[in-house]
Ligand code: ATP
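In structure tokens, one chain follows: the form predicted alone.
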Amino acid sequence: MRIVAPAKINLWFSVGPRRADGYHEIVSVMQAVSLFDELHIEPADASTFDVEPAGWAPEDETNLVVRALRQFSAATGARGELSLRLHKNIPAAHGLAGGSADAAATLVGLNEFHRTGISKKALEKMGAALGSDVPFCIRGGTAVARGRGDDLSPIASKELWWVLASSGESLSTASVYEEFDRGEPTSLEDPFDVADALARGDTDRIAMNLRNDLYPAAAALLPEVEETGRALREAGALGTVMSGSGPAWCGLARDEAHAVDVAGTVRSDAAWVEVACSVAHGARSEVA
């Protein structure tokens, strides 16, 4: 069985104060895009877990695939020796929910593999215990996320094309939030203009309203973040926004051809560049 797991980008990321549980209150517009990790699940004589390419993610208890497997087994009683093979395309610690996407793929895949019949809503609740982005990575599409990110409201969106780019360095989410807390507090704002523009497919208006409150903190920790955003703008992106806690940037394109042109121009300035379009699904299983 093969499970594909889309990356997540943030078109709008408004961050409020730290909550009593340690998380920050947020309002964000999340969108699933066509950059996929793949998880392969097969019966085996002895359980194994491998990541390829080697070094793209840990193969021990810190990997969310392993944690999701254990959580699913504890919740459902499903047992059995399995071979799990994770093929990574989403870079880790880049604000693209690579780990969360893998956890979502694990829960969705195991539910299908064991035929446990757990509803998507119940899987999302299970995933929330693993990470704030996991419920969205199970659901996919485009949604407004509130609370700590797991309170999701789907919104309409026309197809969008993006150029994703990074300097190749990674950033710890925890360190970015720590730096954010040292700055002036920001107030939560709802993405009314972005949501309306998404429904209408108004790329110019979407471009004008892209926002990420974590950007100054990320740039303070990694100056290359600012350079990547500038390179995308100079390459002709309609608008740019850092995704999540960074350092990956998203450059909005008018269509696929424009995205390919922007990506071709920015490759000389960025270590990692991908063209992706919005997708309407989250992690889903397919016959291998």
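Numbering starts at 1 and follows the sequence shown. Keep in mind that this is a model prediction, so the values were computed, not measured.
Although not depicted, the form predicted together with the ligand is the subject of the following passage.
Location of the ligand contact in the predicted bound form, chosen stretch of 192-200, 140-148, 178-186, 81-89 [non-hydrogen atom, 4.5 Å]: The contacting stretch here is 81-89.
Distance check, residue 34 to the ligand in the predicted bound form, heavy atom within 4.5 Å: Answer no; every heavy atom of residue 34 is more than 4.5 Å from the ligand in the predicted bound form.
Non-hydrogen atom contact residue 245 with the ligand in the predicted bound form at 4.5 angstroms: Residue 245: yes, in contact with the ligand in the predicted bound form.
Proximity of residue 99 to the ligand in the predicted bound form, heavy atoms at 4.5 Å: Contact check for residue 99: yes, within 4.5 Å of the ligand in the predicted bound form.
Residue 62, heavy atom within 4.5 angstroms of the ligand in the predicted bound form: Residue 62: yes, in contact with the ligand in the predicted bound form.
Contacting member of 259, 231, 57, 41, with respect to the ligand in the predicted bound form [4.5 Å, heavy atom]: Filtering the options by heavy-atom distance leaves 57.
In the predicted bound form, the one of 173, 71, 167, 209 near the ligand [non-hydrogen atom within 4.5 angstroms]: Looking at 173, 71, 167, 209 one by one, just 173 meets the 4.5 Å heavy-atom criterion.
In the predicted bound form, residues of 126-161 near the ligand [heavy atom within 4.5 Å]: The stretch touches the partner through 133 alone.
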